[in-house]
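Each of two forms of one protein chain follows alone as structure tokens, named structure 1 and structure 2.
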Structure 1
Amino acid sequence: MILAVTLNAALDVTYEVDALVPGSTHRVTTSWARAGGKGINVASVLHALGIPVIATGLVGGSTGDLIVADLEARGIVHDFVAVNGDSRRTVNVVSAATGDSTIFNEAGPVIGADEWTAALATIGSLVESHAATVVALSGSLPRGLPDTAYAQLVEVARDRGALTVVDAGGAVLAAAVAAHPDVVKPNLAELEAATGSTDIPAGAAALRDLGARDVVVSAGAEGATVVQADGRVITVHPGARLAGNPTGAGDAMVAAICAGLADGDPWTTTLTEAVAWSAAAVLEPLAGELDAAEVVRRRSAVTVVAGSAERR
């Protein structure tokens, strides 16, 4: 079983308006809401492909109730830990006139130190009770949590025999690698922020020196590269450049990595899937959606380049 963790879950609300004019009053012509956050997108992608997954993390208040109700309606298995604060909303105002998205992100709840201690224990017990073999840790942290939150969860998961995949940036990524996660998946900007390097093999080697085992760097339309513990490097290119919605492409990649880890697949297979899922996700208007037939088409288009990294 894969456990996808979202500590800062959101209710993603979309408002359609005729045209956005700052300083004026707008009638919202259509609105809808959907559970979001990177870990929830990972769970949604795995669910779309029929791969067993449980979404967990922290939710609270009436917005938290709506997040859980949406997962329930979508048939995504969930087991969230309740917190006192109200989960955040994001409001995406889409202008019919220009097609532009203007996004407002609420700050979300502040998690107390005692709440986090209790949640950490609860998530640990979920790893056991759901017999999780892979735990995905995705996205930003709510206020109040230490930068070491993912590092703590990596240890909790490993102590219970589960592999871990971390998709984070900044200080949270830096703290997480020190706990020796099995896979970290920075994008190029996150790699540079964490290591100062824009060179994938050099940056990945730096992350490995800090404690990460395998490092997958996502490079948008260029695909992705894995640098493994033994120095082997595999790069997968997606083939045709696709126009679409890049939001959620990274989450689809993390989902494929989790699925590959759960199955014990070799990296050539896993990274091929990761790039195919990610490319297929770009074609979906909503993050977390994936069409299995499109994955098959994208898989046939990829090219795999294997080599070995020069270690410093």
Structure 2
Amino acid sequence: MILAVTLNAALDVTYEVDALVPGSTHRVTTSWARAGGKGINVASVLHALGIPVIATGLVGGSTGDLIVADLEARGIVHDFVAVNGDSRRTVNVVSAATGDSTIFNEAGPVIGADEWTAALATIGSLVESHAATVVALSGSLPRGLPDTAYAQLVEVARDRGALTVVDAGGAVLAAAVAAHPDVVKPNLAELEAATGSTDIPAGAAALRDLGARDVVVSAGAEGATVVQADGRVITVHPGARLAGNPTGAGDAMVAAICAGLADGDPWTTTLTEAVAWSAAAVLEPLAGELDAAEVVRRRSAVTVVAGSAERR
């Protein structure tokens, strides 16, 4: 069982327009509204591929009700902690002309100390009662939570025998690595912000020195690199560049990493799957969607470079 945690869950609203022109009026050709937030996207991808997963985190208000209703409609198992504030909405405007996305993210509710204490207890109970092997901690934090929120959850999961994957940035990532998560997955911008380095092996080594075990750095169309605890480096390239919606590509990558950890797969296999899932996700109009047949096609296109050592 994989537990996917979303502390700042959202109702993701997507508008497709012919072309996005700032300062003008647009006719929306297609629209969607569905449960989102990075952890929910992770759960959605795993669910789509038939991998056991439970979505959890914080939801509240009428928007929270819509988030839960959508998960129910899609058959995604969930157990969220109710909070007093209203969950956030995000708006993603997709240009049909270019495939580019313009995203507006609300901040989310303010979480009280008692609500956070209840959430820690609930998530710990879920890890234990479902014998979760991997816990994914993804996305931004709502207001009121300390930067150490993911670090606390890493400790909760580890105390109950689960592995942890953290997908975060900034001070939240810096605090999380100090708790020694099993995998962290920054993108290039997050790596630079956390370490000051744009060099993947050097930046990953810095994160490992701060406490992370294995570090996966996603690089968009260039694929991803893992720097392992023993210093070995593996890079996987996705093949041809794909036009589409990259919004959920990183979440699909995290889902594949969780699945690989749960199965005990070697990093060559896990990172190959992660890049294939990520590439397949770009071709879907909505984050959290994945076509198993497209994963097979993307898998056949990847190339693997392995055996180099990290540079310090």
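Definition used throughout: the rigid core is the maximal C-alpha set that superposes within 1.5 Å between two forms. Residue indices: 1-based, along structure 1. Every value quoted in this text rests on a predicted model; they were computed, and no experiment measured them.
field: Structure identified as the form predicted on its own
entry: Looking at both, the form predicted on its own is number 2.
message: Taking 2 Å as the cut-off, check whether the CA of A69 shifts that much or more between the two structures after a rigid core fit.
response: No, A69 moves less than 2 Å.
Displaced residue check between the two structures: V93, CA, 2 Å or over, core reference: True for V93: a C-alpha shift of 2 Å or more.
- prompt: Aligning on the rigid core, do we see the C-alpha of V21 shift 2 angstroms or more between the two structures?
  reply: Result for V21: yes, a 2 Å-plus shift.
- request: State the core-superposed CA shift for T30 between the two structures, in Å to one decimal.
  value: Value for T30 between the two structures: 6.2 Å of C-alpha shift.
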